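First comes one chain, alone, set out as structure tokens in the form predicted alone.
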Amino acid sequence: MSLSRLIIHQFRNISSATLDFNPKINVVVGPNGSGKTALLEAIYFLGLGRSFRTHLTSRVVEHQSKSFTLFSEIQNNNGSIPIGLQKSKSGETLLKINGGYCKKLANLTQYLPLQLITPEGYTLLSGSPKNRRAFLDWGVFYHDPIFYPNWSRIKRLLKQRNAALKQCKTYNELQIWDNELCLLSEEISQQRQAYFELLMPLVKQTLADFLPDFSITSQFFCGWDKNNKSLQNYLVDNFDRDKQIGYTSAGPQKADLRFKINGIPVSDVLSRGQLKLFVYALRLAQGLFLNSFDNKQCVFLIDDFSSELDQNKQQILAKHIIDSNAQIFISVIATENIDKLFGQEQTVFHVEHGKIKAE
């Protein structure tokens, strides 16, 4: 899968642009504040239906405009798929895929698998478990077709259960939700565990290049201690506490990935630059997995390619990018060393004050 064409109207500081992309390497060049990241953000919107910079649509729409419009053509094994997306400041959304209207933005995810790497990406390891859960679930989503409907059902059950916690007096009143919740939770945990075990060898191979001086262990935590007792028993035993705090404290919504060095979380051992390299390894491994195991093509968005990377690490990153055989969008302030690093044909886009020109 690759993005062959993108038309942008009133997105951030980009008033209008029509761009034809290289199926492999696309380099976006320009000074800070020129609109480089806005271009990557527009592509991200087409892959996930949201921004990676804000949850407010009003901040994405160009100043004094009412809405933004994105139109793209995505190439896959079956040909070209047109996708159009319009979002207004008032919250209205219009999505059209392959000539038909769609109500759910979630439908976008199957057409353009995206991996985003930003200078702030190290928070995947140092931040909330929610970030690592999202990373894991991205891969499971593309690997196991049953995952998404299971996870959607679990989220609805948890919403109903949490609402009921505020009103019920005894645990028996929750039994109607917990029977199905426990069954689906076991299934989704097995799906996550299976993907995790397949992915980790690729992660270790990549880490050996980026962080060869560290021995890093990894563990998938399903959201409760299975060795201690079943989820059903946790839900029963935690009833009074859950009722007091107003939400369910154990279950797949608490799942996490734990990475450690000598028993200590990597976020307490590695520097910010090293954490960033770790995230590169994780993201690149997922892209390789998608290509090798799932026969799908990942698109990488790398914002500020050279940030905090020395020449050696840039070369390692470039090698892994080339090996992934994926379409890449890289933003840089200057193109120095880019030709040397990638050594293959690329398309360069110059951005200044929201205006984009292909070289």
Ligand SMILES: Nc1ncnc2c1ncn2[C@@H]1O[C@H](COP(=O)(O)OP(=O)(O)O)[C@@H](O)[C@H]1O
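None of the values given here were measured: they were computed from a predicted structure. In this text, residue numbers run from 1 along the sequence as written.
There is another form of the same protein, the form predicted in complex with this ligand; it is not shown, and what comes next is about it.
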property	result
Stretch in contact, per heavy atom within 4.5 angstroms of this ligand in the predicted bound form, of 66-74, 30-38, 43-51, 311-319	30-38
Proximity to this ligand in the predicted bound form, single hit among H9, K24, R12, H350 (heavy atom within 4.5 Å)	R12
Contact flag, V60 vs this ligand in the predicted bound form, heavy atom cut 4.5 Å	yes
